[in-house]
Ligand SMILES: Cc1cc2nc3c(=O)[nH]c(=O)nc-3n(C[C@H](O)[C@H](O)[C@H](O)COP(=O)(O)OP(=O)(O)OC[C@H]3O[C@@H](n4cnc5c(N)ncnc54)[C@H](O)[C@@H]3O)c2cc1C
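The form predicted alone is given below as one chain in structure tokens.
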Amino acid sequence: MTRADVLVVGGGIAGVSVAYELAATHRVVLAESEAQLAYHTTGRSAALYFENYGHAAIRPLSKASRRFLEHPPPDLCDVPLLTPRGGLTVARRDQIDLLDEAEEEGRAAGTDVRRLDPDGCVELVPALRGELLGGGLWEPGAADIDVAALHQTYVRGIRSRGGEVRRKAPVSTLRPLTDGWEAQVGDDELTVGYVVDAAGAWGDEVAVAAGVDPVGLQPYRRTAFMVPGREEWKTWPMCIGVAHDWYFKPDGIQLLCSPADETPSPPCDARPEDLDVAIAIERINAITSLGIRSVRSAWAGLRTFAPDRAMVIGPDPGNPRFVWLVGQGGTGIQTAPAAARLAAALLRGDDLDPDLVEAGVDPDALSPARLTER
């Protein structure tokens, strides 16, 4: 029987980041059922820091995460986590109302967004067909994230603080005690004070195993693929349709493309569908002169949402020793530093960090209590 203070379920970016934060004050065991950490959603991310994206309650977490992403602990990370890229949201002539909404949302969140005319869009991405455009929205602060380096920074941090990371260690049972939990983790039995559910698409399944009411998580499949590119394309920004029905961005001399699909899925090892790839090619070719014809590789991941599309962070109202950190919905990488600090503070009963308060993070808007009826 192993004793610890906290069991974190899930080895993606949510799990490793909150385990790192909690390991500063608690004995932490992180359990990942796969042989490889970050095997599912984290390892299949488009890897962009893009503030003007996601539910209004999530955006402050993105803003509050930037400082860590720009200045990670030097003893844990020796490479830049952010590389300037920029993000360009473009609208056809019949989509100006959507562009107006995107601009309004960005400004309301305090993000630096700048309206461009069609010529300005083509100047940034010469392959765009300017005659079809009504305009664009430029976010100069958008940046590529080195997801692997960020994830490894947290893994190193967990271990440097005495935490334990277990692979091939599925959590098969969670039995509530008066002051915590008994858990079967792989072949080992653990007694812990708290469970943190950072299991992504499997988050509700972990809750049910613990006798906690699910919050209604829904995973959606998202398809991505690589196509051949050119050297001169490497400096282009990420380019996104304002209706969120396609995007592409340079990845070396290749282009990473997606139909930005949201196909309901059970929790699983997601696989791409040829039809989704074909839809993306058709949409991107229609608005650009790229003339995409071949695909080098394709994959899919799951993006998991709560019913209202805000994240779910904090102690469960029915059992405060069960703490949620799920429902990132495609923003999990760029919000990880702040979301982890928020979850850790709520577990400990601490006041929020000043940078979370300054960014406008509202714990009530993210609390599981908003989704559960007791």
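What you see is a predicted model, and the numbers here were worked out from it, not measured in a lab. Residue numbers here begin at 1 and follow the sequence given.
The same protein also has a form predicted together with the ligand, omitted here; what follows describes it.
* **Of P219, G301, G136, G163, the one that lies within 4.5 Å of the ligand in the model of the complex (heavy atoms)** => For this set of options, the contacting one is G301.
* **the ligand in the model of the complex: contacting segment from 101-109, 272-280, 211-219, 163-171, heavy atom within 4.5 Å** => Flagged stretch: 163-171.
* Indicate whether the ligand has at least one heavy atom within 4.5 Å of a heavy atom of I284 in the model of the complex. => Close contact is absent here: in the model of the complex, I284 is far from the ligand, nothing within 4.5 Å, heavy atoms only.
* Please run the contact check for S45 against the ligand in the model of the complex: heavy atoms, 4.5 angstroms, yes or no? => Because a heavy atom of S45 falls inside 4.5 Å of the ligand in the model of the complex, the answer is yes.
* Asked: How about A224: is it within 4.5 Å of the ligand in the model of the complex, going by heavy atoms?
  -> Contact check for A224: yes, within 4.5 Å of the ligand in the model of the complex.
* Should A14 be classed as touching the ligand in the model of the complex when contacts are defined as heavy atoms within 4.5 Å? -> Yes, A14 lies within 4.5 Å of the ligand in the model of the complex.
* Candidate spot A31, Y247 and Q334, all three in 4.5 Å heavy atom range of the ligand in the model of the complex? -> Verified in the model of the complex; spot residues all in contact, yes.
* For 311-330: residues with a non-hydrogen atom within 4.5 angstroms of the ligand in the model of the complex? -> Residues within 4.5 Å: Q328, G329, G330.
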